[in-house]
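A single chain, nothing else alongside it, follows as structure tokens in the form predicted on its own.
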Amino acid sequence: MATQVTVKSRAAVKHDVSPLITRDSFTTSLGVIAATLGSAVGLGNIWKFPFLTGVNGGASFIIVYLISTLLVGLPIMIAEIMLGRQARADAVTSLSKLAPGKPWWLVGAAGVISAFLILAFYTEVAAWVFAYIFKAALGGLLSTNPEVTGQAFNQLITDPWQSLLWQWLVLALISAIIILGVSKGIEQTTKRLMPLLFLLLVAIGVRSLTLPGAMEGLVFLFQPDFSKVTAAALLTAMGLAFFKLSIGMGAMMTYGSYFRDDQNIPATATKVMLADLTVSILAGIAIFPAVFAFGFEPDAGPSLLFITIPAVFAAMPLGHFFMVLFFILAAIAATGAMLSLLEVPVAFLNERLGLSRVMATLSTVALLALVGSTAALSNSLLADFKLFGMTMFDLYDFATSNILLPVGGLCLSLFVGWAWGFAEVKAALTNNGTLPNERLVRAVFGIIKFVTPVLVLIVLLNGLKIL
């Protein structure tokens, strides 16, 4: 029998919000979807998902990924948003309110730490992307030889001053948006950036498909090959389903606290999940037909994004123009993700510790500039400094991706399924009975309670190399 924690009613939770703090929130349904999609979409959509789709069976892998998403990523995403909206607070305070006197708030604290550590290294990757916009615009990447583009990338990441400068510029950009607030900053920015992201992907995709030999790239992406759907591919699909939707790090819970009362959370989360998948597929269509058309290898990782792609665009007519567009869209993808990550510690400092939004943002960014510098210098001055055999960049990545995020997702599914209970979930997801979706809510609750914890545990054990 499930152990029930003491849970405050919806009215009581809302009443607890300090009258001294006027909470900002998303103002439109479009703003909700744009901001949430901006959080889910990241640089991984641009190169990682399309590549993994190709090497793991094309269309067959997409089917496996969708099933995994319905069982792993989407349920936790719905749960996080639901908890955030119910408590109307930051990640730590939300769980403190929903389970007073219980240690579940530690899950929220782990999310704040995760978001901060991810930003410490992700802002450096984003810094490379922003630097490449200017390098591409100035013609510094116009070479069809991957060795030349590889040297350009190596020169960037091994230059300590360039690494730090671009990271600080990225931090300044996202902090300026966060300071503006939820509605005027995050919502207004993502409402403009997300449509632009789709337009740029379509434009580059159309250009890529017109190249001779482009069909081979589509075959790589979409030809079903069920022989490649191995146990390793299944684990890859489950990992992607978990990591691609920005769950387990407090971002969706924090954004959920800004959701409108009449927002249909399951429907909104599903739209975001499908839009996120669409971005990944469009990115694959934009990249891989061109990669195959010019005979390049579809390698995964930074080598594809920063070495192969510039060489590919340099080889095509109007390639200079489309290269600039590509890195602009990559920067847009990175910006939406960084905004949601930065909002997690800022909301915590603002609401839990009482700092003004400006001071909370500046304090977080100052600390990020310090901690993030260790990641930025991991390819130069700190290249030989390692903990547990990893550079600081790799350590932050490993600690969050392989430990903190899966543990956070596992604990959230256990809290909702076994501690919070169906009555509270039903009230939250039916908007207190105003939505006729009780059957769907029962299905979601059953998955969260019995299926999701097992699959997330598998993701955790796989990340730790135990499986």
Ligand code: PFF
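Heads up: residue numbers just count along the shown sequence, starting at 1. The term rigid core refers to the most C-alpha atoms you can superpose between the two forms while keeping them within 1.5 Å. Here the structure is a predicted model, which means the values were calculated and not measured.
Another form exists, predicted together with the ligand; not displayed. Remarks below refer to it.
Heavy atoms of A428 never reach within 4.5 Å of the ligand in the model of the complex, leaving it off the interface. Although the partner is absent here, F306 sits far enough away that none of its heavy atoms falls within 4.5 Å of the ligand in the model of the complex. At the 4.5 Å threshold, heavy atoms of K244 reach the ligand in the model of the complex. At the 4.5 Å threshold, heavy atoms of A40 reach the ligand in the model of the complex. From the list 267-275, 358-366, 88-96, 244-252, the contact stretch for the ligand in the model of the complex under a 4.5 Å heavy atom rule is 244-252. For a residue to qualify, one of its non-hydrogen atoms must sit within 4.5 Å of the ligand in the model of the complex; all three of G44, I118 and Y122 qualify. For the candidate set A136, L221, A337, V291, a heavy atom within 4.5 Å of the ligand in the model of the complex is found for exactly one residue, namely A337. Only one of I285, I186, L341, A127 lies close to the ligand in the model of the complex, with a heavy atom inside 4.5 Å, and it is L341.
In the core-superposed comparison between this form and the one not shown, F49 has its Cα shifted by at least 2 Å. If you fit the rigid core between this form and the one not shown, you'll see the Cα of Y65 move by 2 angstroms or more.
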